[in-house]
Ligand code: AMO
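So this first bit is one chain, no partners, the form predicted on its own, shown in structure tokens.
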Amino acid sequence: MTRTLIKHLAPLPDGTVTVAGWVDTVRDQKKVQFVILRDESGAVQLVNPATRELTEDAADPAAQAAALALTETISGLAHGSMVRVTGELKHDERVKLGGIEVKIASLEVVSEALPETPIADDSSLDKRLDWRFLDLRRPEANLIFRVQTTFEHALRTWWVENDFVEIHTPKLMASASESRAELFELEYFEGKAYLSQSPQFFKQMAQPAGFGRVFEIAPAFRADPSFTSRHATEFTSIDAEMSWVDSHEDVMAMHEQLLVAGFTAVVEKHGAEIEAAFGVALTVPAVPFPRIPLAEAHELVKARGYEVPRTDGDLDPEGERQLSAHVREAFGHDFVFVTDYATGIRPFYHMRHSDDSGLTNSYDLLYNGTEISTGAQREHRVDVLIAQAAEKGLEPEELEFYLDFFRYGVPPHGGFGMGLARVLMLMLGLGSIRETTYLFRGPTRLLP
């Protein structure tokens, strides 16, 4: 008989069904046995009248022996064992788990689990990550990645409906795309290669290629020895770039519309589940998002009694939290664009203000107190690019392949890069991107 997903049982009439999944719990009582079975879609209660011994006056000894064998099998089930069950579906409002149960007719142990599980509900996050394939069986973990799927699908749908082209850029590079200090270097035949820190150069290449608007959701790599809740050495980057922008305002407008599409899909499909699992009443953000220049952001944070200690002029994590608290109080908004960053803390390819070369046409996007994205209008004039690269200590020879993109005609353009795991972490009110990354990679973790 064809397997039925647990989430599809409730609408079915009473009758024979087959379900399959893993054993969550067994309640082995004297006269009856209960098994909570989980699959990828939910949980259901299985029930079996226990047969504890054979009797000599049984009308059908073979049937009694089979019933005894079933009882013994259920008694021996370990948490996590994979089983296939055929039985009678019954609707009963007294059953707390969904108002349905399945009376077991046959049970096949497809794959037996070891009796002692290596993690428990109170295990540390590091311990759970050691056994990630077991940790992911939790309904909350399953929900995280269903939310991720819905969110990414909504982003792609919005991009495609707005004439963006999906690209897949290489992750092996001949030179740095961002900071030399954060490069992973590896042997590449007779030379050296580097893991891509971002698709920045290649999504810009699509602009002189005439693609107009492009996007990519793909891995990126940073050799950053950070052990914070929001950093990883390998992460999924959400990137977009588009031609013929007048300023970074065009990029911000695209960015907020994209996020509204993503949040709308998640709220509609998973809003109730998210609130039940994580206690978060997720809402769709209103547009436009607030916009605050960086200099003003510093003044607002200072007025709240906190002065950013960084000497480079950027906000530190506490500054981000303080600014976001102000925005929530003043605007009732979870998002804020921090704009007009100083030239000294932005890459050489960010366009500078036409009336103030000390500022760039760029932004960071904060969500619930944490930076999730950087965006900007790019510099498209090759002579200006060369001069700005030299100011950052980069030689034209290092960037020759990149500079060629701008020597044969390129439109004004801009875009952003955004960390997927950070967005999900903040969306669901979780404490670390380790929870919202399928398999986390950090300075001390390469397994599983």
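Source: prediction; values computed, not measured. Each residue number is its position in the shown sequence, starting from 1.
In what follows, reference is made to the form predicted in complex with ligand AMO, a form of this protein that is not presented.
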Among Ser81, Thr374, Asn142, Thr169, just one has a heavy atom within 4.5 Å of ligand AMO in the predicted complex, namely Thr374
Residue within 4.5 Å of ligand AMO in the predicted complex by heavy atom, from Ile74, Leu259, Ala232, Ile274, is Ala232
Every residue of Ser198, Tyr349 and Ile433 near ligand AMO in the predicted complex, heavy atom within 4.5 Å
yes
Using a 4.5 Å heavy atom cut-off, which of 29-37, 384-392, 43-51, 412-420 contacts ligand AMO in the predicted complex?
412-420
Closest heavy atom of Glu216 to ligand AMO in the predicted complex, within 4.5 Å or not?
no
My question is simply whether His248 lines the interface with ligand AMO in the predicted complex - judged by any non-hydrogen atom within 4.5 Å.
no
Taking ligand AMO in the predicted complex, which residues of 127-145 have any heavy atom within 4.5 Å of it?
none
